[in-house]
Structure formats: C-alpha cells, structure tokens
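Okay, here we've got a single chain as structure tokens, the form predicted on its own, with questions on binding and movement later.
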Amino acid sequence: MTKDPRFCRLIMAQLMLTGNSIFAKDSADEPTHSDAQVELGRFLFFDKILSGNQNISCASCHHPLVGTGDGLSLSIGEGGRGLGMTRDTGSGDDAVVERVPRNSPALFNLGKPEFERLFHDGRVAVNPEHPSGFDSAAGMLLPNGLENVLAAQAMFPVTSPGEMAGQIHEGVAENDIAAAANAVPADIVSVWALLAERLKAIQEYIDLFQSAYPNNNIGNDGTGITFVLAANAIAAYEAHSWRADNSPFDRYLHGDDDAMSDSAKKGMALFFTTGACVRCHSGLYQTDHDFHAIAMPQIGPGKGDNSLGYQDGREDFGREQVTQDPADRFKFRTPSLRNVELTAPYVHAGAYATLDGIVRHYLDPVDALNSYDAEQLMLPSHPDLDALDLVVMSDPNRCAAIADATDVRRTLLLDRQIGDVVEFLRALTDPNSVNLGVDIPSHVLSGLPVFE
C-alpha cells in the first residue's frame, strides 16, 4: 500500500494544505548571506566573548556535535563546565544558580521563511507592524535592523543572567554585563552596547565586520559595530550551516522508492492517517507552527508562573506568558521533526529521552503524564537544583491542571505500529546533519578557548 502512487499523492496533498510544496526547496524569499557574514557568525557563535564572564558561548547549549542542542533535559547555563551530557553545574561561587527552565531547542532549518515564531512559547515573532519588525519581550527596546526572526532571537540569550550574562556575585571582577542584566528592570540595551564594545576592542573582529558589512561604514576603530550586526551574522551562520532537507523522506517523495525502509513507509502511513500525528506535525517541516497543550511533564525550576494557590513560581504556563490568555495555558510551540532522531531529549522541559517515549506520550498524554518516569531525565546533579526538579510532578493537583488543559485526543497504536512510526521519524534525518564537526572552528578571534 505504501508504494501506491495514490498514497504518495495523499502525502503530497497533506503537505500542500499548509501552503508548502515539497519541491520548493529553495524559496525566493529565503535570505542569502555573504561568505564573510557567515564566517563572522561562525566565530561569534563559538566565542565566549559574548558572555558576561567569558565562560560560555552560543555553542555551549547549541553544539553541532549534539544535534545543535546540548543533550540535556534542561540546559546548564553560565557557570557550568563542559559540553553536552558531560556538562556539570559548576562549583563554589561560580556554581549555576538554577537550571535554564526550558530545553535547548535544535536550530535546524530555522532560517527558512516559514519559521516566523521562535522559542518554545513563540515569544519572538515576526510582526511587520512593530517598529523593529518583531514582537519580543523587549518591546520597543528591540532595535531596528534585524534581518530576520532568527537574528531577533539571537539578541536575547546574552541578556539572561542564567544563560550567558552571569550573576553579579561570580566570575570575573566588575562584570558590567551581569550588572546590567541583573538590574531591576534589566538594562538589556546596555548589555548589547557593552558586548559591541568588547568586539570593537578586537582588531580581527573589526576586520571581519568590515568585510561582512561593507555598506555600514564600519571604521577602523570599530565605530559602527553593533550587536544587531552580530546577531544578523549569527543568524546567517545558523541558516547557512544547519539546513536539513535531504532526508530519506525527501528523496522518497521525489521518486526514490528505495529511500525509505518498508517499516518507515508503514510509519509514514500511520503518521498521516491512523496515528493522527499530522494534526500538529503538518507541512514540509512537520510543524503547524501553532501551540498545543499535550499534558507534558513540567520539570525543573519553572518560569515563575503560579496557580492553585501556589506562589513558588515552579510552573511554566507556556504560551500564556506571551498572550496573557488563560486559554493558552500549558500550550507550547509544535517543533519541527526534521532531524528529530538527533535532538533528544524532547519537548519544552526535555522530559523524554527517546523517540519511542515521546511517541507513546502522544498516544495517551494524560496517562503518560500520570505515569511519568523521571529516571529518563538527563540532568547533571547538584543538591540545590535537584530539589526543584520534580516539585510540580510530585503534586497531584498541579499534574491534574496540566492534564485538564490537554487538547490532544487519545490514539490507539500497537507496539509494532509504534516501532514503524519511530522508523519514519528516523527517516526525517538528513545524513548531512549526522556529523557536524566540520562546523567547529579551531579557534575564535577573542583568543578564548573553544573546547573547554
């Protein structure tokens, strides 16, 4: 059945319903970037100079060797040491204050124009009516000149004390970036300005900014360098390097009947029909770009939300934080499934370590929530942090509130069918994404270590 041309056309029709053509791999709207801009972005992405204490880079939580994530359920930000699953929680005064409250999302295909909302709650989004062109938590403080939503997203991790800016009591003396980020209210404009000043002090960066932006009148002393230009370069690097659209699934739909295994073809049929995965994971990149409540376990310190009389802030209301609409409580953005095999752990709090586990959750979300096994979490241990990891999951009333909000219907699949769906998900892996070690520079222009 799965080799029937009529079925292939059914798949094509499902993709076309979202306005995407499987053959439109190159969009006229897709931005192009100069080699110099991509090279600048590559150095910046791996350079710890963009963190307050100069001890963490964008790559620390989005590393090419860990599927552009970090392999952890919840990231360990500023103060941690090591990469991926070997990352620790730091020590002494430099120990991390809390885990980053959400899982580090993969970066594959985010340069594609159809990705208009980023972060798990969609809090950075394209908005042509906003002066900057984007909605964000920065409001009117977000500067003009950002080339796309991926660049807008890059403006924010550097302003977060827990992610990159640092705490005022730790690390290098006189961390003015941490002081600005921890001010009340946070002075994010100063964070961006201070980071630009750091870059202006490095001649190699001045030279590369001049090459990347020949029309911006960047002076030999670095005049004209802004963090907006840095963010645009980081986005250019991400979009250029982590495109993933040559999977066995793509090749199958382009006519190569042998590109996918029989099991993957059966899984594809289930994905688009009985399994009902396509209700949310539709389109060329298997996402409707919308937000859904699917009874996902809440792990870690939370995002400061309170409910049911609790005032500890350990809950995460997801999309409601952005819209202020209670109907959006516990809703999170549907992730793309491209390269999903490479990007565990899964969902907003990294609750599931395997594809089999996350597929089984979708089949009966409420039961999966109530029977959740926390042993699968990938969390470097530290007593202060461990004590917060399961506060919500240990409370039946809080779990009931998450369960009541779910908008996914129960689906019945046999074990062998679940295995077939997992095989289809593996067929969404672009082989060019399996080993991305070539993306890692041997050095960065600040002279700071790349591999520590």
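Please read all numbers here as calculations on a predicted model, not as lab measurements. Each residue number is its position in the shown sequence, starting from 1.
In what follows, reference is made to the form predicted in complex with a small molecule, a form of this protein that is not presented.
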message = For a quick test of understanding: in the model of the complex, does each of Ala106, Val340 and Val408 have a heavy atom within 4.5 Å of the small molecule?
response = yes
4.5 angstroms heavy atom contact with the small molecule in the model of the complex for Asn55 = no
key: 4.5 Å heavy atom contact, Thr334 and the small molecule in the model of the complex   = yes
inquiry  = With a cut-off of 4.5 Å between heavy atoms, is Tyr252 one of the residues that contacts the small molecule in the model of the complex?
reply    = no
inquiry  = I'd like to know whether Val38 contacts the small molecule in the model of the complex, with contact meaning heavy atoms within 4.5 angstroms.
reply    = no
task = Report the residue, out of Ala269, Val347, Ala259, Leu83, that has at least one non-hydrogen atom within 4.5 angstroms of the small molecule in the model of the complex.
result = Val347
task = Report the residue, out of Ala236, Ile177, Ile299, Ile76, that has at least one non-hydrogen atom within 4.5 angstroms of the small molecule in the model of the complex.
result = Ile76
Option from 370-378, 270-278, 90-98, 201-209 whose residues, in the model of the complex, bring a heavy atom within 4.5 Å of the small molecule = 270-278
